[in-house]
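Single chain ahead, by itself, as structure tokens, in the form predicted alone.
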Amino acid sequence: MDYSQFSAMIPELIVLGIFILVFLFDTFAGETARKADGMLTTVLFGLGTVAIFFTGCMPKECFGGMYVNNHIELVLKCILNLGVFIVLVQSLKWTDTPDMKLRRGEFYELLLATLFGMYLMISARHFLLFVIGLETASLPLAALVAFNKKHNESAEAAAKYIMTAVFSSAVLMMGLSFVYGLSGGSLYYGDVANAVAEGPMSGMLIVALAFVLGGIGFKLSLVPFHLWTADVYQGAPTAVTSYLSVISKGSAAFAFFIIFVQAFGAVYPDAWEWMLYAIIILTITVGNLFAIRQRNMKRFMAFSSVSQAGYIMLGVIAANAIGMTSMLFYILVYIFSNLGAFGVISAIENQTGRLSMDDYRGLHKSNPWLSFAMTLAMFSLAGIPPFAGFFSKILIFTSVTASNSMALYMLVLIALINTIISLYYYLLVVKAMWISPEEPVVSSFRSSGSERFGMWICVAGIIFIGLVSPIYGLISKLVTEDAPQLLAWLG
């Protein structure tokens, strides 16, 4: 075996190295020293992210083509790392609570383990490696969801998550068994693409596509595979919920794009394009309609994330370089917007234990900074100009309409109508904070330094990333360089 191939896995090796250091420190350090677990992990992870960004990579295949690392994968891993860094910063106060002091090291270790699995999903070009990455990400997430072991809701959420994860994995594996048969005994994306391009459209291929779509759709909370989302988001610790809502979705969306374009691109117009039409419309619409009914803020954000997953999938259905660029940019903006909202939710929950939207009435009178941060997050998620969310939606709609297809124009029209619906429920939160005449339910308090730092990062991203940063142009340039390899099998 040529061990030099591991040099292509610099991001994975860095995350694995941080995991080992945190594990050793948590195992052998004294009780007093272990109080620094959170700060140590956050600092190491921040330095690791900088190292990944500046190290860069040359496009390279290794392990017989099972693993690929190029500029696009590097960009997405850096985007996900930014989100994980914000989650780590925002969770510092929670991990210092009495219930967490003995288990804070486990929280960071499980978080890093899931990220390692997501890295493998992103770089996989073989279904076996993809499944290994998927399970490496999913199993520690179930433990994270159950982390509040003294809360019945957390245990219930973990049970629902692991049961649906097992079922979705079984569906995915059934689909991959069909893929294995169709490809003549191979699970490489390229071999599957060759077999699909050369063979006729068959019922087995349609079933295989549907099963693979169902298995990955669980990770993305696509309708009708979303039923676990609200209960798990509500029962899990808020830090874990924020991680689930953005990091897990970003990695799964990219893996979805690569699998369906590189393995099944030849039957894009004949099969999976029409499957995605229905799923995207259902996902955006159901997510919006159910979000209107929610009063618990974590359930509210759960259905919001279901709807946002539908918008992310518009980049997949575009199936071109512009779609890939827009999807990555959308994920970046979504990280700032969603984590900004969860930062406020977490700060209020840590201080008061309140999670109802009704508890936000008159919040601007007692906590104007938190109201300001939440308002910007809601505006960005709704796509109100001039905030970053507006530009991410415009760009992803533009990528879909680039093909001049009437069906895609209708899809964008439905998405636009749903955007108007989403304005209503996002503004419900803003109305409660700023317009409600009632006296504040949440009294004035000062959030911790780490919570404020995390919210400042999110606010800065929401305001500036869409207006003055060259990030979209940088992503577009990198995607254009790698587009021929990424889209080679698109029919």
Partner chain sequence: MDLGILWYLVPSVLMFACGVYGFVTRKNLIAILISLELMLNAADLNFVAFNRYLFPGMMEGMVFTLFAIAIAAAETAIAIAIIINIYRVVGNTDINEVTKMKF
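Positions refer to the first chain, counted from 1. This one's a predicted model, so the numbers in the text were calculated from it and none came from an experiment.
Heads up, the form predicted in complex with its partner chain isn't pictured, but that's what we're talking about next.
Heavy atoms of G185 reach within 4.5 Å of its partner chain in the predicted complex, making it an interface residue. In the predicted complex, at least one heavy atom of Y180 sits within 4.5 Å of its partner chain. Contact annotation for D96: none of its heavy atoms lies within 4.5 Å of its partner chain in the predicted complex. Though the partner is left out of this view, E153 does reach within 4.5 Å of its partner chain in the predicted complex, counting heavy atoms only. The stretch in contact with its partner chain in the predicted complex, judged by heavy atoms within 4.5 Å, is 167 to 175, chosen from 243 to 251, 167 to 175, 331 to 339, 274 to 282.
Just one of H71, R104, R361, R299 comes within 4.5 Å of its partner chain in the predicted complex, counting any heavy atom, and that one is R299. Taking a 4.5 Å heavy atom cutoff to its partner chain in the predicted complex, the contact residue among A124, A142, L395, L408 is A142. For the candidate spot formed by D37, K60 and Y119, no residue has a non-hydrogen atom within 4.5 angstroms of its partner chain in the predicted complex. Residues of 122 to 150 that come within 4.5 Å of its partner chain in the predicted complex, judged by any heavy atom, are H126, F127, L128, V131, I132, E135, L139, A142, A146, K149, K150 in sequence order.
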